[in-house]
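This document starts with one chain, in the form predicted alone, laid out as C-alpha cells.
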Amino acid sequence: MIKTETKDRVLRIEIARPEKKNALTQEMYAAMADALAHADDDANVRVVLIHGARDCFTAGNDLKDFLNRPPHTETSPTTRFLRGIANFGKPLLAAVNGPAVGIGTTMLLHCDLVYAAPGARFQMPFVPLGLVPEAGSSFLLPYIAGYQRAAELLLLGQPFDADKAYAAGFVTSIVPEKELFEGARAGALAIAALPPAAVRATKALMRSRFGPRVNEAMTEEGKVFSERLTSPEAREAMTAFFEKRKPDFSRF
C-alpha cells in the first residue's frame, strides 16, 4: 500500500508493503500518481519526499501483477506515475535504504535530491530479464552519469552500492542509516522554507533543456518495452525467475 502524510508543507509518500519488499502493484502506482498530481496543485505542499517502509525502498515491480497487467497504454497507472515524476513541478526528494530495484532506481533519476544509507543496493535488471530500460533512464542515466558508467549499469544490470550510485551522480549524499530519514526530512524542510515560486522557477529552468527529451525517451522505451515483454528472451527470463533457476539464452 501507499501511505501519505502532509506536515510542515512536506508531503511524505511511503511505499509500505514490507512483507513483499515494497514491490509495486498497479494500485500502488495509481496511488502514487494521484498523490503527485494532487501535490502539484496543492499550495500547502512545497516538497515531496518518497521513502520505503522499514529497511527497503522497493524491490521494483511485483512481477506477477506486472505480467498479468502490463502497462501497454499511456493511461495505465505505471505510465501515469512515470509521467508524473518526470513532469513534477515541485522539488522531489527520496530517502533510500536497502533494495532499490528497477523502477526503484530509475525513479531516483527524476528526483532533485536523493539521500541513501550505506546499505542501499541499487539495480536496473532490465536486460537480464530480456527487457529494456524504462522511466526515461536510457536518456537520463547517460546524461547524468556519462555513457560508459550508464552502459555498465544498464547493460550488465548487476546490483551496485551507494558509493557507486553517488559516483554516478544520482545520489546526493550518503547518510548513516539511523540518520537517513531525519536527514532527508531536514533537506525537505530547508527547501520548504524557501520562496516557493523561486524554487519552482529554478527547477523549471534546470529541466527545460532535457525535459522534452526525457518524455520522448519514455515514449520510445514504452514501445520497445511492450515488444520485449512478449519476446522469447523475456519469457525465458521470467520463467527462470519463477522457477528459481539460471536462464538459458544460448539458443537465441
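The shown structure was predicted, so the numbers you read here are calculated from the model rather than taken from an experiment. The first residue of the sequence shown is number 1, and the count goes up from there.
FYI, the form predicted together with a small molecule isn't displayed, but the following is about it.
A heavy atom within 4.5 Å of the small molecule in the predicted bound form is found for exactly one of 201, 193, 186, 63: 63. Put simply, of 83, 121, 90, 110 only one has a heavy atom within 4.5 Å of the small molecule in the predicted bound form, and it is 121. The small molecule in the predicted bound form comes within 4.5 Å of no heavy atom belonging to residue 235. In the predicted bound form, the small molecule lies farther than 4.5 Å from every heavy atom of residue 77. Contact annotation for residue 9: none of its heavy atoms lies within 4.5 Å of the small molecule in the predicted bound form.
Interface residue remark: residue 13 is not counted as part of the site for the small molecule in the predicted bound form, having no heavy atom within 4.5 Å. Partner contacts here mean any heavy atom within 4.5 Å of the small molecule in the predicted bound form, and among 147-155, 163-171, 123-131, 176-184 they occur only in 123-131.
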